[in-house]
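The chain below stands alone and is given in structure tokens; this is the form predicted alone.
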Amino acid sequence: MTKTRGATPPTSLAIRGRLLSFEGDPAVEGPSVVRFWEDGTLVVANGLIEAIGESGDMLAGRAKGLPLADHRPHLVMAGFVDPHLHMPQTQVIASFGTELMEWLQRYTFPEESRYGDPAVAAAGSRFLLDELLRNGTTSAAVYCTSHPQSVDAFFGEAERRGLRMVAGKVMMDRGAPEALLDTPQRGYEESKALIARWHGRGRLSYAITPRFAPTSTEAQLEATAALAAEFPDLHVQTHLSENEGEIAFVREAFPWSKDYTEVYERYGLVREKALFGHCIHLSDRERTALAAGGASAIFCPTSNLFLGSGLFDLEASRAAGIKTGIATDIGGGTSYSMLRTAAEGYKVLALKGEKLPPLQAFHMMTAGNAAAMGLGDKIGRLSPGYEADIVVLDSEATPAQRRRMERVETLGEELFCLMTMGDDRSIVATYAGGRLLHERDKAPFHPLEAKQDAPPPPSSSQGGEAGQ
């Protein structure tokens, strides 16, 4: 049997491999929440995981006779979740030699100004989603630009692929080139129109997206507060306490605030499903406020290192009870790979005298990030009722990995090797909603180009029918 690539999937499909999932946070609950099947099979029906278990039982029972994707001996996990990245910044990665505020002015804002052109926005969206899928990422929280057409382009491309994505139009009315500025009223009206057009459509969710306090006047933050009050269930995404210069700017711009976090508190933005990128230089009061509001702190290690912003304190975030995720932060971040991101996260925490054990890292990349995004009941686990977003991982993708794996004896050692040495080459396949959207060494799949009546491409990793 061949895999169904992109077009309408079979009603049911069995996927076999070494299955790994998390029913809780190993950092809090210990190893008992780790579920691992050395030879497991899961059944996908109508885009959801219907059943999971040992292959012997599954292939003789619920999976018997179904189309089978046999990925042995590879690891099969829930697709990676990336809770903070910027769609228009794919061509400012590796821009040399500045800290945050200068980096925005010199590189980022001029690039984002191009995204008023729908063709530029469409090309950027298409590239980003190709690259995420190539790296095993199936869901993300995404900043578009201040142009509504950039949001239309991104959501349109995500909808065509059937992806679960959260995104929003950046709101900013100061501190940037004219081509990027909106006004409080226009930011409110354009955001509300985009919410009506896209939120809840397929697997898409809208995020109210003030870029960060330095680029919004109090009038715009009031308009943002009005949106947040009208749509209490929507995501909010912004930046917080990334850079010392940024913090100093906020102190001057909002002299009434006791700290950076209080600016967002005043406008009702510290709440459930609020995603605060970076959160490096927080006081104890700020951490307490984020935890009390149910907000999430998003650790962006490659960006923080590249821009020299500082070192995130994971232990302090957890001790305060803050939901915490880990993200690429493309394009201040330097890799689309959640594996590379976790590897750099390990190094950041080592400099703080902290550890990121491999089981905790893979939990963060999947179920942990899903929970930080308020989507923990939909994605991030291989469990019945969850959406069938799945990544297949090869721990021996390169000669160096194969050499290292000769000495690996435990699952934890394998995961640490994969996290430390792996990258996009380790991604064998990526499924979203039960559909195969990326296959290693194959061209990206683009739904609009597919002929629905054409046969799917051949695949060497397919095993036939379950139970044969």
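This one's a predicted model, so the numbers in the text were calculated from it and none came from an experiment. One-based numbering along the sequence shown.
FYI, the form predicted together with a small molecule isn't displayed, but the following is about it.
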Interface segment, criterion being heavy atoms within 4.5 Å of the small molecule in the model of the complex, picked from 361-369, 236-244, 375-383, 113-121: 236-244
Partner proximity in the model of the complex: residue 86 to the small molecule, non-hydrogen atom cutoff 4.5 Å: yes
In the model of the complex, residue 389 touching the small molecule (heavy atom, 4.5 Å): no
Non-hydrogen atom contact residue 100 with the small molecule in the model of the complex at 4.5 angstroms: yes
Contact test in the model of the complex: residue 278 vs the small molecule, heavy atoms, 4.5 Å: yes
All of 224, 250 and 254 within 4.5 Å of the small molecule in the model of the complex, heavy atom check: no
Contact residue in the model of the complex, from 104, 158, 128, 208 (heavy atom within 4.5 Å of the small molecule): 104
Contact residue in the model of the complex, from 336, 267, 312, 212 (heavy atom within 4.5 Å of the small molecule): 212
